[in-house]
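This document opens with one chain alone, in structure tokens, the form predicted on its own.
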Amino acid sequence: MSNPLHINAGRLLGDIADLARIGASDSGGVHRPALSPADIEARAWFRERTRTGGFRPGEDGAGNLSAVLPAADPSARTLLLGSHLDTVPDGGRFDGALGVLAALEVLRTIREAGLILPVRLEAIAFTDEEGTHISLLGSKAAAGLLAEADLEHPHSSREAFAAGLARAGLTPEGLLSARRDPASLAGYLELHIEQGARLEQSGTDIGVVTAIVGIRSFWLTFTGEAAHAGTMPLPDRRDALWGAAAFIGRARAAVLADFMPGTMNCGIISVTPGAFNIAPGQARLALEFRHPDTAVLEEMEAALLALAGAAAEEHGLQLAVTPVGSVAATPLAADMIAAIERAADRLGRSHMRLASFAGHDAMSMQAITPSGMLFVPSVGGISHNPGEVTPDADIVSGANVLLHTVLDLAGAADRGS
């Protein structure tokens, strides 16, 4: 095959640079939390890019923004392509934004090539993927997974969430009415940076995501007895922090030995009373663990909580376990995985199958339509950080594989030559 269709590399890279100026931070990163003034500005920028690209801007009740390329048949199903525009505080320029802008570039490229496909294409920017207020807010709304109760307990505060909605012209009623009809959808594709180093370390061009990890989180509270740090002999202490510390070390060792490629993290710990001269009477620990296989995730939970119980007993402590949240592991669609691999082969790009250990909008969309994800390398695996970098060549490569995955799924691969 000669001269396959390619996206306009300069235009895509220019869009990424332009968008990164909105919310640019002094550290060189991007600070664009969902529904903040910077996010509102970015949303307006995307609407204008949609217009200048020759598409009519769209927006649903959840604030998800769209550009649409019609099909030959007005009743054709929609193949969605996208990601999100919001960032974590002082994050990077590629996380989310790459998927949205590459999706828009795919639509522009197909239209400019004069291709009329049997599916309707829609580039979509989902609201608040990062969870400034509610994780995966826009995609959960589109998938019908958002409940009224979710709106009562945002990660920020009810006041901050209400102010953000007002800033964007959104309402709770609109959020709950944004569900897409699954029968109207042909699938969902998301291009994203890996946010890890597996592709870079292996010298592989494209990651084909097979599943998105399940996540479980708990508060573990170890309770012993506060004591004078000088006068209470070490063998007689019921030091809550010793129990928590023993658990952390053993939990790490257990995951490394028995549950790879799973991960675990203890990201918060607090002790009381909290003084130089008092052995802690209580230690409260945040535990989170992840695995792409639900059955293994169940085993991890049982093993880690058993280790916590054993550490508490060893140090003469009581243990209270409080579940905080659970996200189901999400296998992605086999047909989408195969189409991404065919597109990569068509373009001569090396590829490998892998799981995503971060959450993405594809988790929500898989609930209502076959969904697929492809990754491009992240330098050093750095993400959620101003130092997040993906080389231009990898950005362009990923966008072209996305383009040819669309053509493959639309049955137009031969017309992309």
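Heads up: residue numbers just count along the shown sequence, starting at 1. Bear in mind the structure is a predicted one, so any value in this text is a computation, not a measurement.
Separately, the form predicted in complex with another copy of the chain exists; it is not shown, and the next lines address it.
J.: Can you say which of 22-30, 45-53, 352-360, 59-67 gets within 4.5 Å of another copy of the chain in the model of the complex, counting heavy atoms only?
T.: Stretch 352-360 is the one.
J.: Report yes if any heavy atom of H84 sits within 4.5 Å of a heavy atom of another copy of the chain in the model of the complex; otherwise report no.
T.: No, H84 stays farther than 4.5 Å from another copy of the chain in the model of the complex.
J.: Can you tell me whether F94 touches another copy of the chain? I mean in the model of the complex, with a 4.5 angstroms heavy atom cut-off.
T.: No - in the model of the complex, heavy atoms of F94 and another copy of the chain never come within 4.5 Å of each other.
J.: Does P74 reach another copy of the chain in the model of the complex if we count a contact as any heavy atom within 4.5 Å?
T.: It does not: once another copy of the chain is placed as it appears in the model of the complex, P74 has no heavy atom within 4.5 Å of it.
J.: Is R252 close enough to another copy of the chain in the model of the complex to count, meaning some heavy atom within 4.5 Å?
T.: Yes.
J.: Just give me the single entry in A329, L165, A226, L347 that has a non-hydrogen atom within 4.5 angstroms of another copy of the chain in the model of the complex.
T.: Result of the distance check: A226.
J.: Looking at R120, R237, R108, H133 here, can you tell me which has any non-hydrogen atom within 4.5 angstroms of another copy of the chain in the model of the complex?
T.: Residue within 4.5 Å of the partner: R237.
J.: Would you check whether another copy of the chain, in the model of the complex, lies within 4.5 angstroms of a non-hydrogen atom from each of R180, T369 and P377?
T.: No, because R180, T369 and P377 lack any heavy atom that approaches another copy of the chain to within 4.5 Å in the model of the complex.
J.: In sequence order, which positions of 188-212 have a non-hydrogen atom within 4.5 Å of another copy of the chain in the model of the complex?
T.: Stretch hits, in order: E194, Q195, G196, Q201.
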